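A single chain, nothing else alongside it, follows as structure tokens in the form predicted on its own.
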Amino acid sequence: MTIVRVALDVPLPTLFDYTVDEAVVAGQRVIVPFGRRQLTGVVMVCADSSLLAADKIKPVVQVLHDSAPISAHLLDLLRFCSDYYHYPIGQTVLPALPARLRSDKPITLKAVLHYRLIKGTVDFVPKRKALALRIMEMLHQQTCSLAQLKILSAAVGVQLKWLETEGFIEQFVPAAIQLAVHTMPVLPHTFANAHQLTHEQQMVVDSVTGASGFNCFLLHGITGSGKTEVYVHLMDFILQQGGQVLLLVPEINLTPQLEQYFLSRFPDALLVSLHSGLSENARLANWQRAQTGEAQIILGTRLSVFAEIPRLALIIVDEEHDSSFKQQDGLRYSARDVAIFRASQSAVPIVLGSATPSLESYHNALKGRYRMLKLTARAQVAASLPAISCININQTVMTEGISGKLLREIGLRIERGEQSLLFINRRGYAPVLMCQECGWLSDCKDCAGKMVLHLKDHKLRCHHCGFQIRMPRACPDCGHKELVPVGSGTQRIEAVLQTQFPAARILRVDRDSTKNKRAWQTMREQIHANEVDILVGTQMLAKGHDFPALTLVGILNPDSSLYSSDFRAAEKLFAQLMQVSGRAGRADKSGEVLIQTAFPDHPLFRCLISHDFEGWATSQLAERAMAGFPPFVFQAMLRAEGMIEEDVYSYLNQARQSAIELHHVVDIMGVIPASLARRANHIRAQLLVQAVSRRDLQQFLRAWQPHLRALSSRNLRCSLDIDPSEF
């Protein structure tokens, strides 16, 4: 019998030995007994012998043959992640797979249904059915999948049913899709080359396509410089060679518009999306289309870095600086860093794109580890960078948090038929509710934070733990009925604008207003159709969007991040403000950005006004070198949280003492409370360790891990975060 070593989704840093009486290969899924349960696992190693006694080794219950085995390349990538991030191998491998592959229920590879014309021309479709006419025109050119037809509108489903009922179109399964796993041919594709590349864009494309093997390129392009157009031409080159492209984006909200855009440029290419917003069946189907080589373009959020892609030839990480690429629970990996390792492992190029690169990536490019590529001008000849200026809130009249100048500029944009965006990175009506009589504040009973007022729902809601209560009619402490909202959120700004501009069409875009399915897609269509005068939004609107009619951006309340205890706060704020400023004036109309601040002379704002990322990055890198912060050191954060404060601090202090006794070349800091010291009734604290070299840190962590396991307690939730991004 063969011995197989299986990875299981359990919090133990080991593989488990089982016997199997049939042929298996590494990467195959199996069902095995584990205690009183049966679990699905992945075979990592096939061996002839085991260190365990024969009577201690249980047999595999079932070998699953309903999906292709995971490739050796992907298994190696997952082993690297388990080792580098010091996380159990089973809890690294299994969560990287679609949920259906982790269950013991049988699965099948589902084909993508396409639509084609049966009869007639568009003359037979009533003129009032404009969308149906557009569908017919598109199908007259070629057969299309539902995803491809959705570039016309999110509401194509109803019209497709009508056209099918009337006998104009039919569904079918393309012959190529019926082929078995790993036998997909290299299919030709059509490239809708709608734009002529600028000289800078062409140089970037030539640099990437002319490189051989692994190369990491940092594409530093100002907002509106046409980075997406560069991506499109790079994809065209890779698809011509028969390769697959992986494009990582930071947020789910960016995937639908990018999916539609790329489908419009590659109308007959198969593009699949991978993100947590998909159903389990849809994610499995898309993952398997990538695994067979059928999908030519894979677009997804951070988890898609673990997709099975046999013909991977290019990786693109858009908005590479974005903190959303860092997983904050479970396996705390950075999708950007894992993507770089994967590109190196596969000997393919990777492009990191951003208007505001992370200081780590920028430093690596300056040192020659990455190749710097620049786009210094906007892609449209008529477009220019917006004029940025500051409004000193200490020296101007304010109306519910909005300055008179900003209100006047909004009014001018409405008269001219242009759009304005007010950016405030705080949802809800107000950050806190206060009693004017006794000073009571709307503290969360389970957290160290405040509960945010959501006036429309008449609720106070904690954005940290989710606890919510009805808005009190009177002060819970003194009974006074004068409770006032303090500060502003998106809902309050929306209400102020409705009062100031009663005839204006105002649209609020935040997590609350877009929680319904397809809500954001509908909003985006309204904005592009110029059916909105004023946008009020959070960071959802800060990046990746191109609204031609938007000419004014007002930034409210950015000062809270200027003097944060997090050394990355200023970097994140600069990137956020630069990104949201870049939404203005992207077409032939000039843009203007007004920043309301109490510190108009702050160096950050001076660099923003002059669009001087290089100057800002240089000053920040100098500060970090002097202070001994990344990228000049490498860090690991041990976090602990529990119901009893004494247990949390006892664990971390013992962990610190054991680290000191190892006598490694690392700096071990003191135990301190987390920035949010209490969340969901759990006390939270942390211990930071750093070293000048990555190798020294990793050697220390390998020696420290057994001590941490010996100290672990069921009463505590503990985690080790390598290269932490939040403090």
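Numbering starts at 1 and follows the sequence shown. Quick caveat, the model's predicted, so the values are computed rather than measured.
Same protein, other form: the form predicted in complex with adenosine-5'-diphosphate, not shown, and the subject of what follows.
Taking a 4.5 Å heavy atom cutoff to adenosine-5'-diphosphate in the model of the complex, the contact residue among S403, S323, T597, Q380 is Q380. Only one of the listed residues (L77, I222, L621, I393) places a non-hydrogen atom within 4.5 angstroms of adenosine-5'-diphosphate in the model of the complex, and that residue is I222. The candidate stretches are 164 to 172, 197 to 205, 471 to 479, 606 to 614, and the one lying within 4.5 Å of adenosine-5'-diphosphate in the model of the complex by heavy atoms is 197 to 205.
R413 falls outside the set of residues with a heavy atom inside 4.5 Å of adenosine-5'-diphosphate in the model of the complex.
At a distance threshold of 4.5 angstroms between non-hydrogen atoms, S346 is out of contact with adenosine-5'-diphosphate in the model of the complex.
Although the partner is absent from this view, G591 stays clear of adenosine-5'-diphosphate in the model of the complex, with no non-hydrogen atom inside 4.5 angstroms. Within 4.5 Å of some heavy atom of adenosine-5'-diphosphate in the model of the complex lies at least one heavy atom of K227.
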